[in-house]
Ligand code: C2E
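Below you'll find only one chain, the form predicted on its own, shown as structure tokens.
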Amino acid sequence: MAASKFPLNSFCGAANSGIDTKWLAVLVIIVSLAVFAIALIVSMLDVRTNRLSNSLDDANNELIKLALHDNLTRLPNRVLLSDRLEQAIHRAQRNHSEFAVLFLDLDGFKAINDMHGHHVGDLLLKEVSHRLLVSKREGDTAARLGGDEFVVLLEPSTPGISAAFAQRLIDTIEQPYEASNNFLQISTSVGIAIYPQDGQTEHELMINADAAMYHAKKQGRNGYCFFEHGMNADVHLQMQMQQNLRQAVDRNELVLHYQPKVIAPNGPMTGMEALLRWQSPDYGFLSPDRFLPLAESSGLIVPIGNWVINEACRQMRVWYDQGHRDWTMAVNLSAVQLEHDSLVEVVRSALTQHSLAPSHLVLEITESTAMRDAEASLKVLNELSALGVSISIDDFGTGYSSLLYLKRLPANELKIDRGFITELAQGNDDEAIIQAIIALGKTLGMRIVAEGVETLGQQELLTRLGCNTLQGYLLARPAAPDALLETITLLAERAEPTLVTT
């Protein structure tokens, strides 16, 4: 309006005939309000656009995080670990420094998963991940590859620092856990590879750390091992053997040999113990110590163990039909089998399939297996005992047991570990230990079996001490059913009426 210029004495011709001033005011107000509304709408759209942009950025960041981190533990995953390994290699090359790759695998995690369920297993993995994060240094990377496998990248690091960290990690992880009111314990095996001597690339370092971890498991688990050249060849052999073992049942390569058990001192026979063998076309005739640890670590022990139970019941039925109706068949159970949900049904099914009375089957578990999770073991063993199956505590005297739990176990038999029998002589400590075991077993109403009897002196002394049953090479070696016919006949001939201590 300030820019407007009007000549002197001019007037507006529309003053009397133009728009009414009231309507003009209304029009101006409406137009102004419209302008304000449009400005407000544009402003609101701008705010919403900004919010949408921020949401998209957040979603994109979350997707990137999900792509680079493990969904369960939120630790870096294999993809992010690979990137950080590549960066560590570049830094080490520039600085001429070393760093370490630690490959961790939890010992016995599958058994916990099978026994307590995946929910408890997931909670355990989260707690292990937390302990890894607390233990590592700032700047180090702790990642989860999947399952129960973890990797820690220590940068920089020397062999000495790596060994100290690995031991600290092992001590931390083996501390007890509580998950859904379950008190658990687990250990870990650690393999260590050092850059550059143990690998120049990410792939080499990971492969070699994995090989060292596998070697740590072979040495007894719950420990660490540095990579050494030659380990990879051993790992390749074990992986190939594991693959062949998976097919052994289908290919009928597994066989059972049987070792007689006789009433002390000379018989008659009271039963057999089934002992697993693998007749491999690639590796020859293998005893259990060559492949059972591999079966346990890979989870194959469950289907193999199920086959053993079924085959032993089948063979026992054959002998029963041949007139040996007072014999029993003993089958060893591993810790993994005892913790598996299907064990009771597998035993019931095998007995039913072969029309075998439960009293003919004896299930042997080691003392350490029974005490590993005493309450859980007690539950399963009570269910098996309810079927009518006998329970034997094997290798007694070598583990750590609680007499409180031992007397609650529905066991009918104690087997004295062969370690006490080997050096047994009159008057030595082994004799005193065996006397104590026999006294304990008989107080609890159990039969006493001594295994590993190899000399006449052992046979005579064990009989005098009160063992009910003897088993060992002196009496009979394990053999296939057909090869046992002569042994069975010989034992029957030399058996004589014997006063058996009960």
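The model shown is predicted, which means the values in this text are computed figures rather than measured ones. Residue indices: 1-based, along the sequence shown.
FYI, the form predicted together with this ligand isn't displayed, but the following is about it.
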Q) Is there any non-hydrogen atom of Glu451 lying within 4.5 Å of this ligand in the predicted bound form? A) yes
Q) Is there a non-hydrogen atom of Ile186 within 4.5 angstroms of a non-hydrogen atom of this ligand in the predicted bound form? A) no
Q. Would Leu276 count as a contact of this ligand in the predicted bound form, using a 4.5 angstroms cut-off between non-hydrogen atoms?
A. yes
(Q) Can you tell me whether Asp394 touches this ligand? I mean in the predicted bound form, with a 4.5 angstroms heavy atom cut-off. (A) yes
Q: Please name which of the stretches 433 to 441, 44 to 52, 465 to 473, 28 to 36 has residues with heavy atoms lying within 4.5 Å of this ligand in the predicted bound form.
A: 465 to 473
Q | One residue of Arg131, Arg348, Arg418, Arg91 in contact with this ligand, assessed in the predicted bound form (non-hydrogen atom, 4.5 angstroms) | A | Arg418
Q.
If the cut-off is 4.5 angstroms on heavy atoms, which of these, Asp198, Asp148, Glu364, Glu367, is the one near this ligand in the predicted bound form?
A. Glu364
Q | Whether Met272, Thr328 and Leu343 all lie within 4.5 angstroms of this ligand in the predicted bound form by heavy atom | A | no
Q | Residues within stretch 294 to 323 having a non-hydrogen atom within 4.5 Å of this ligand in the predicted bound form | A | Ile301, Val308
